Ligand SMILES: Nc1ncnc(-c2cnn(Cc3cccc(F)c3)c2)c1Cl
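Just the one chain here, the form predicted on its own, laid out as structure tokens.
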């Protein structure tokens, strides 16, 4: 069993209709039929939404996404209409709420990889491929790929695994034209973001995007290029052949799989509460990612 340890009850706000509780976000519809997206401080790992939150994580994700949307605006439009707080919403929603266009979402996680790690590494070790794309011999954990690749995945429900699929499978599901536009746009956005991150001493190893259509136009949606959706590595510590230090939830993963947690992440028992030190270190990494990428202080 996986999913929520304790599924939160959505906050009721006059004029808003609750649509969905995700791993991190709550989705509502307002009276103008716009999507209201609220990023919580929830943390997920090993297909569980953990019982411990990371303070201010939702605000960091939201503000970093907004910064990236600005950096990418000439490449692809995004779904953000406003950051105004809906009338009657709790004060805690400030800084973590986006009012967005509702889109016809493409049912594919658009993943770009410039380095080999994670699920891509596991497949490579078996077949020398990632999502069916052949790669050279001799690569190892953290190796830079000869060129960035598009490695899509199917979207999963809370508690389920995303599943890597081939480009051909994406084309079969959504059509050849949509698949081609998805691949082209994903790699263009990844390329821009990779250069921006590199200029700030950060390697963007891989990332995933979500896209939808509005009147025939492909739109970038959800969060973008955050520590929840991307692997950011400090460039000065990059060393292929081992797991890389990262600006994300690695402290959480490491503690959950350590003897100190007493938890078997392959079993059915829910994960325990996180220690204060792990929460503090994880929060600091998210803030550091924001500050290094944007070159602005987190308030």
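Residue numbers count along the first chain shown, from 1. Everything numeric here is computed off the predicted structure, so don't read it as measured data.
Keep in mind that the form predicted in complex with the ligand is not shown, yet the notes after this line are about it.
Proximity to the ligand in the predicted bound form holds for none of 116, 141 and 205, with the criterion being a heavy atom within 4.5 Å. The stretch in contact with the ligand in the predicted bound form, judged by heavy atoms within 4.5 Å, is 216-224, chosen from 216-224, 117-125, 82-90, 162-170. Checking 22, 15, 10, 275 against the ligand in the predicted bound form, a heavy atom within 4.5 Å turns up for just one residue: 22. 105 is the sole member of 187, 174, 133, 105 with a non-hydrogen atom within 4.5 Å of the ligand in the predicted bound form. Taking non-hydrogen atoms only, residue 27 approaches the ligand to within 4.5 angstroms in the predicted bound form. For the chain shown alone, residue 182 is not a contact residue for the ligand in the predicted bound form, no non-hydrogen atom being within 4.5 angstroms.
Heavy atoms of residue 210 reach within 4.5 Å of the ligand in the predicted bound form, making it an interface residue.
Although the partner is absent here, residue 100 sits close enough that one of its heavy atoms falls within 4.5 Å of the ligand in the predicted bound form.
Contacts of stretch 28-47 with the ligand in the predicted bound form, defined by any heavy atom lying within 4.5 Å, are made by 35, 37, listed in sequence order.
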